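So this first bit is one chain, no partners, the form predicted on its own, shown in structure tokens.
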């Protein structure tokens, strides 16, 4: 009898990383288990011994954990229904195969690959509409089997499919579907070495682990028909199946490595926020709300129903994923932003900035919290704070756009030399580092402040340009170019405040030469 408490599973093969499709499958099974108050288990289908590796297993587990998908039973967790690795369950597959052979639901097949191919071509020539295995060994006599074995042939075990039986199935996503078994092969269940194939091992494990619901990709739909028949032959109740559509690229074709990073850890290593990636993947076939795309894991669990998964393939849109990442980044506190960005800043930001000058660094990075979505973008943007920058093409044009711009820069350098601009990092910034956030436009603009705030700097700068007889809009572009090497980034007066007097004066004078 099937378990009274919902039990769902994710069953990856450790032959590669956790990819987008696998992550979504795991996520939907996890969310359904949590929503139904059931159990979510992880089973490792490692029967492909030539390709299965411990490294791939570690990557899969790390990818799931990064996304926040935890499991109640499985590797590193244990449970009452293990072992959770298929290669540790070979005796269970042998026992089930022997039972099916004894009850007439399976048979031994001694055909070589070459003989199978010849039989397939013969069926094709007959144009009978079926070109799979020709069932040559389905009705062998004991004498014929003995002769094959004397020749040293080692048999596979094949499942005996019913002849032309119309299967009426209900899928939680696809709805009512009819399939005729005449379209399906007598498929191999067990190899001569005792290693099971997917459909057989899957059913034996789902029975043994008392799985109640199976959510997986639509490419397994016909496998589901084979598996239903195997459940029936073994006298077990079939789980409820939900076969979900493929993830597509923007052209509506199956997503490939050319279209996106398919390895979850690639997103982690590039600085995509895990909760944003989780959020976005959840939407590739399921909708949280008609007016909200951003939600937490807990909110997903509260709203998730398997029947709510769509029937059509969803297009992976990296631009929307990046937008969603930005939504999450903007909701972090400034302190959290610094903490989470730090791994991507190790080569660009001196260690002392995170310790002695932590408040100043928080101010600096806060200028970019609205401007980045992926954390690995940050290092290239903040380099001008710590080293004299190379000038990009747009900045170089701004620097010479007006013939008098270098004279302006020299004059402004002299003006700042005598100002109350804060000292430069990493000089002593006592007093400035007490400022947790950059001052706003509402702050005092009086030059009598101990240190000028950005608003005070702007007030002074506008007055200075008037004394020069220069339009303010023309003046700021070469100044920004000289100080940052680019025409993008924080407001100019935040730049001046963060760089401090000595650095600003030096860079302005250098650009003026």
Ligand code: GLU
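Residue numbers count along the first chain shown, from 1. Fair warning: this is a prediction, and the values are worked out from it, not measured in the lab.
Missing here is the form predicted in complex with the ligand; even so, the following discussion is about that form.
Asker: Counting any non-hydrogen atom inside 4.5 Å, which residue from 160, 220, 357, 228 sits next to the ligand in the model of the complex?
Answerer: It is 220.
Asker: Tell me, which of 107, 295, 198, 110 has a heavy atom within 4.5 angstroms of the ligand in the model of the complex?
Answerer: Looking at 107, 295, 198, 110 one by one, just 198 meets the 4.5 Å heavy-atom criterion.
Asker: Pick the stretch from 198-206, 145-153, 71-79, 319-327 whose residues have a heavy atom within 4.5 Å of the ligand in the model of the complex.
Answerer: Among the listed stretches, the partner-contacting one is 198-206.
Asker: Using the partner position in the model of the complex, report whether residue 45 sits within 4.5 Å of the ligand, counting heavy atoms only.
Answerer: Within the cut-off, so yes.
Asker: Is residue 490 a contact residue for the ligand in the model of the complex, using a 4.5 Å heavy atom cut-off?
Answerer: Close contact is absent here: in the model of the complex, residue 490 is far from the ligand, nothing within 4.5 Å, heavy atoms only.
Asker: Should residue 13 be counted as a contact of the ligand in the model of the complex, where contact means heavy atoms within 4.5 Å?
Answerer: It does: once the ligand is placed as it appears in the model of the complex, residue 13 has a heavy atom within 4.5 Å of it.
Asker: Flag residue 216 as yes or no: does it have a non-hydrogen atom within 4.5 angstroms of any non-hydrogen atom of the ligand in the model of the complex?
Answerer: Within the cut-off, so yes.
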